[in-house]
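This document opens with one chain alone, in C-alpha cells, the form predicted alone.
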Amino acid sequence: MDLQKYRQPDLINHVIDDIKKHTASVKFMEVCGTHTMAIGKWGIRKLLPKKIKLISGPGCPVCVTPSSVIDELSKLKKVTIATFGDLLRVPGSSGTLEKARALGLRVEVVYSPMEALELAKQVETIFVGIGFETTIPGIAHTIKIAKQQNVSNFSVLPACKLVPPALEALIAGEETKIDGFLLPGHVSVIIGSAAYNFIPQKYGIGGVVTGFEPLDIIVGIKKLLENLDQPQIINEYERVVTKDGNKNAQAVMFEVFAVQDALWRGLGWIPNSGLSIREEYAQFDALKKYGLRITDIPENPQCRCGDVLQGKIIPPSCTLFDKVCNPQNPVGPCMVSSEGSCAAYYKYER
C-alpha cells in the first residue's frame, strides 16, 4: 500500500485550514498508543490551534498491566516465562522482570504466542497474555492449538483487556471531560466500528476510527469537530476496518475466553473489561495452574502514570518526567513501553 498519499503536506495543510475555522474549545482523547506515537512523530499537536487539546488514553497494553502481574511472575522459579519485550522493564512493587532475570528468573522474549508454545515443547512455559482485542485472537488460537497437540507444559496468564468497557469507564467517571475519541484502528479491525455506537447513543460523545498516517489523524480530528452537535461513530479507516469487524477472530476469542471484570493499572477494576480462560481450556490457565492472583497493590505515589492513562494530565506535568524518569531509567510503565504516552512525549515533544 502506498502510504505517501497520506503524508502529502499540501493535503494535510488544507485539512488544517478547515480545522482552524472551528471556534470550539475541545479535548479529544486518542485511545491507541500507536496514535500517541504518530501524533508526536508527525508533529500533529503543534499544527493544531491551541483550543484543540489532544490527550492520551489507556491504549497501551503494557502500561495498563497491573504491578501484581509482575510480582506474581517474579515468584516463579521452576518455569520459563515467555513475554513480549516491553514487559521486561515494567516495574512491579519490588522490581522488574529484567532485574529478576538477572537474579536467575527464567524469562524469554518472544514475538508471538505460537513461539511460546514451541518453547513449551522443550520446557515448562507460561506465556504472559497481555494486549487488547488486536492480539487476543492470536492468544486464543494458540491455546486451541496447545489443546489439539496436547502440550501439557504450556499455560497462559490471562491479563488481556477489552477497550470499549474502558472507554465507558472513563466517560462515566466524569473526572476527565472528553469531547470525542480518536478510536483505535488496530482494535477496530477485530471488533468493528459498530462496537463503539454506545458512546454517542448513551453519552452524547462522538468518535472517529482512524488509521495511523498523519492525514488519517488530521481528518479524524476534523470529523470530530464537524460532528460535535450531532455525535456519531465515523469510520475513517475503511481501507482495513469494517462495521462488524472480523467475525472469525471474534469467534475464536470467545470460544476460549469469557468476559469478566479486570484490573487496569491506574484505572482500577473495570466491569466486563477483561477475559478469563473458559473451563474447557482450564489446563492452560496459569492463574489456576500456579495459584497466581492479580490484585490491586499501591503504586509509587510520585509516579503519575495513572493520571496520564486517565487523561487527567499530560506527561510533562508529572514532576518525575525527564528528571528521574526517562527511557534509560523508567519509573512508570508509560515511560517503558514503545507505545507509552510518556515515552512518546520524551522522544518527540520535549
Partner chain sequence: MKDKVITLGHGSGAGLTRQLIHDVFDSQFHLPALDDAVHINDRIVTTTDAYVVQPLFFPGGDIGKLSVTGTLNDLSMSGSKPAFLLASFIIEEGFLIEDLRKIVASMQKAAAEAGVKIIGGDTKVVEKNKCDGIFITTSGVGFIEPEIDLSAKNIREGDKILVNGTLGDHTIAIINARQKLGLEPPPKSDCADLYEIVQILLRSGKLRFTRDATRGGVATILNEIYEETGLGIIIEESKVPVKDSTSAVCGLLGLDPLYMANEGKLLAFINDADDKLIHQLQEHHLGEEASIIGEVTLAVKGVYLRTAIGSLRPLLMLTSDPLPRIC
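All values derive from a computational prediction rather than experimental measurement. Positions refer to the first chain, counted from 1.
Form predicted together with the partner chain: not shown, discussed below.
Just one listed stretch, out of 285-293, 66-74, 307-315, 33-41, contacts the partner chain in the model of the complex at the 4.5 Å heavy atom level, and that stretch is 33-41.
Note on the partner interface in the model of the complex: the residue among 106, 186, 222, 144 having a heavy atom within 4.5 angstroms of the partner chain is 186. Think of it this way: in the model of the complex, the partner chain has a heavy atom of just one of 274, 214, 91, 206 within 4.5 Å, and the residue is 214. Contact here is defined as any heavy atom lying within 4.5 Å of the partner chain in the model of the complex, and by that definition each of 84, 101 and 350 is a contact residue. With a 4.5 Å cutoff on heavy atoms, residue 62 counts as touching the partner chain in the model of the complex. Residue 250 falls outside the set of residues with a heavy atom inside 4.5 Å of the partner chain in the model of the complex. The partner chain is not drawn, but in the model of the complex it has a heavy atom within 4.5 Å of residue 12.
For residue 115, a non-hydrogen atom is located within 4.5 Å of the partner chain in the model of the complex, even though that partner is not displayed. Annotation for 313-350: interface residues with the partner chain in the model of the complex are 327, 328, 329, 338, 339, 346, 347, 348, 350 [heavy atom within 4.5 Å].
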